[in-house]
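Heads up, the chain shows up twice below as structure tokens, two forms, tagged structure 1 and structure 2.
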Structure 1
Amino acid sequence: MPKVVYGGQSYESAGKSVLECLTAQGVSIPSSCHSGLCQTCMMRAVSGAVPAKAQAGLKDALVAQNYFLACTCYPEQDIEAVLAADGLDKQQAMVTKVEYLNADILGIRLKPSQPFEYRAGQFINFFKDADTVRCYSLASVPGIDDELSLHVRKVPGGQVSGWMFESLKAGDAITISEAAGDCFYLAGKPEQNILLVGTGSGLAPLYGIIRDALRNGHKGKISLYHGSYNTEGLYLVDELRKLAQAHANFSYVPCVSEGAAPQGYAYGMVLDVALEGHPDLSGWRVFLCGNPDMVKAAQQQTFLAGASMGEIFADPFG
């Protein structure tokens, strides 16, 4: 009889779903519809095979990370599971470089103390101390970059970002979590067109995703739109332009929304500029990162422009 392992305890499944098995033992698992629709009961398998039915309706990126719906998962072999938001291990890392990417965004490079598995575009938790933690998306790419790379925007009054800008330096030992999140490039559709829209430090995951897609030989169009109020708020402009020159299928449009746009820049809100350039997104994959208001509006508008909800990946942050 297959067993369900959760929280260090082992339970006989007895033909029940993972959700039924755990709740019957008095274990509290978030749930609602009990029919695989609301996804409230999503969990992640740490070990053991997940039946395909338990992943029906989940994005490919979640399936690739062994997420499943507890209410529709009837184990066929022993399975160890954690809640979707839990199970992130911690490890030590050393800061190897701290540099200003612009006046408000800091580039930080980290060397983990142990082998570190991640996908470009995922995020890690960064611990200032045991009780103060923030999550930051990864701009680095496995197989290209030897170290992890973060882009941190200075938040007025921010406990962690303020500390990073004022005190963090090369040689410092810090604590990070393992990588998580579903905003990353997934191979398998090399001809699919990709639209990426970001603001501010939302460029971090997009920069990783783009380079990862190109590294994997992606052949479809890859169109990046990065926006800020003015040119001073943008960064990696030269690097992205060089990348566009080296790859015919990659295009980069830096956008400014205040004042006159210099030559080589587009004028307007980044989402408006992107949709003007791509009014029909049928069949496209879409990545949206940065300002939460922009991301929320972009999710709706790119869907209305034809993108499937299952192909829209969002990573909102300030």
Structure 2
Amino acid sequence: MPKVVYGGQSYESAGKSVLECLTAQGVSIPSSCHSGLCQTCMMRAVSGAVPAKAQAGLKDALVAQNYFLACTCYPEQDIEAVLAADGLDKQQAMVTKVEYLNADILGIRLKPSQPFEYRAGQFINFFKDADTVRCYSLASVPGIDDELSLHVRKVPGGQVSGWMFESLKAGDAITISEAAGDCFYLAGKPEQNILLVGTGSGLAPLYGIIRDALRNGHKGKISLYHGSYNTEGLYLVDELRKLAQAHANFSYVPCVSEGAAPQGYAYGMVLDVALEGHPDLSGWRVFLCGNPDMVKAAQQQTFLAGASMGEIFADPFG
């Protein structure tokens, strides 16, 4: 079995990723998404070969220097690694507004200290401190919103969300990364129909993508289904209803899965409601975000309903 050497100690990889292997031994490695996306757990190999998969998404210059992502690195031979600075550039930002969108979701607005390039639907890393970081999708749209906005769900026992709910306030200076991720609207097929399905704070990137598509003059249907247990779990309901009134091609169906649905809401699991409304998704573009089990099921079911694999975009962060 290949060994992982870190900090002068040697560990059996035993089929685990470098990140799993080290954290299982009590070694603390900053990490967040565990999916090879956020680049928080980036390390550099000082000896041994790095599997190509562990370098997916890294900039060429980093690949050339043997940087890799610990969470997707399954060593095939002994590897000696050191911690690396983050793969994504960081910058300071100022919190300009913190508001409750509902009882469990905070809307946070940020003003970056330097020009900030991004696409609606991408995510950023948000640092509580150097080692404590979480990924959040952007709900804002360049060209519409002056500031960045995030929707943060209160995670029970969550270190970062707990801190935000308790003490984050306008005027605070915080650190964020540049934006990354490939779940965003691409102009170029204005007639294509778009289905968006989200739960909870998974609405954030979808809210950005929808407004970006409308701003780009998208002509095809844009159909949003947003689900929660009950109406209290939903938010931006009025804004989305107004958006639907203003744009004939945009429709919005808020869904509740428990109890009875009041007028104007659909009853059922959001994915079921969406597929009932759109049983044939041939040629559609699909965006999914929220509860990981919902997203996983939705990837398969929208594909079986006819959407092309390459047209199904899942945002991993709610």
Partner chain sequence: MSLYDEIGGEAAINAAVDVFYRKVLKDDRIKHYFDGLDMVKQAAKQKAFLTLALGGPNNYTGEDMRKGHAHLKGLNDSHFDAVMENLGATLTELNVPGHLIAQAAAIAESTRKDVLNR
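Just so we're clear, the structure is a prediction, and the values are computed from it rather than from any experiment. Residue numbering: structure 1 sequence, from 1. What we label the rigid core is the largest C-alpha set whose atoms superpose within 1.5 Å from one form to the other.
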Exercise. Any idea which of the pair is the form predicted in complex with the partner chain?
Worked result: 2
Exercise. Under a superposition restricted to the rigid core, does G57 display a Cα displacement of 2 angstroms or more between structures 1 and 2?
Worked result: yes
Exercise. 2 Å or more on the CA of N66 between structures 1 and 2, with the rigid core superposed, yes or no?
Worked result: yes
For this session: Examine V286 after superposing the rigid core and state whether its CA is displaced by 2 Å or more between structures 1 and 2.
Result: no
Exercise. Core superposed, what is the CA shift for R44 between structures 1 and 2, in angstrom?
Worked result: 16.5
